[in-house]
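Only one chain comes next, encoded as structure tokens, the form predicted on its own.
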């Protein structure tokens, strides 16, 4: 069964074709980073116009590169929420047009849940015993880290997410952007901070620099174990003040400390979520998962604590993309879920 996925929730326009919820046939993606970089953040009007300009071209690319036509597509999945209203509407209109012209059923998906489905793409499920091993059986914990979300869910089933931990202010991706701005680095901030942090770490490893006591504070150090809050705005303020008070400290060290402090809170909340729920499988998704330091720390955590943590194997699958939408659409469609043509888009995370 082949499905088409349409993603236009924020600043990436993407379409993808997926077979049986796991095999990527084609991924077409246009990133708007250059358009928003000078504003150091996403401008909704620019985003929606870019989607409108690119989305038909990406559909043509998907069909021509895959060699498929509409008669071979069983469903069209589209991000319905959350996101920028003007951007979501572009993808929604394309899904409606495809349905009207070709009669292909529409499946609306939660963009955040789509990030949690990515681990099912292009994974060999066959073991030596030739038995199929379930990937992230329900229920599992869902960790979402992006520019707009730092949250933990119990993922009970498709279309069943229970929020158990959330950010009280900035999301982690947003915090990286703001920290990069404070330090005079480029946009988006995540890759810039990671690059500088890696330089400082290598200097410590090589012995050219001596490890020093961190200047930046531990986040939410008094948070009870049963609470799973995220908060990064205080760290941003601490960074701003530290940069003013310690002008001799290198940008690389500030980046390293900011990154390490942020990741420590993520790992602490995962540990407490596992303890609170008893669930030992975690699926992580979102753009911040492109950070190699974070994924390495997640691997170490999983090994040290005898738990399973799954995340996208390819960095491009951490970004907003059409194949994650098509993947989730497959599981919803095979459950018999279809949507009417007059469906509404929404900025809300959960309906």
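Here the structure is a predicted model, which means the values were calculated and not measured. Numbering follows the first chain given and starts at 1.
Just so you know, the form predicted together with ligand AMP exists too; it's not on screen, but the next bit is about it.
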Discussion item. Only one of 197-205, 143-151, 158-166, 228-236 has heavy atoms within 4.5 Å of ligand AMP in the predicted bound form; I'd like to know which.
Written reply: 143-151
Worksheet item: residue 170: heavy atom within 4.5 Å of ligand AMP in the predicted bound form?
Response: no
Worksheet item: Does ligand AMP come within 4.5 Å of any heavy atom of residue 177 in the predicted bound form?
Response: yes
Practice prompt. Consider residue 295 of the chain shown here, and say whether it contacts ligand AMP in the predicted bound form, taking contact as heavy atoms within 4.5 Å.
Written response: no
Worksheet item: Taking 4.5 angstroms as the cut-off for heavy atoms, does residue 339 touch ligand AMP in the predicted bound form?
Response: no
Worksheet item: Quick one: of 139, 86, 217, 191, which gets a non-hydrogen atom within 4.5 angstroms of ligand AMP in the predicted bound form?
Response: 191
Practice prompt. At a 4.5 angstroms cut-off on non-hydrogen atoms, which residues of 282-309 are near ligand AMP in the predicted bound form? List them in order.
Written response: 286, 287, 288, 290, 291
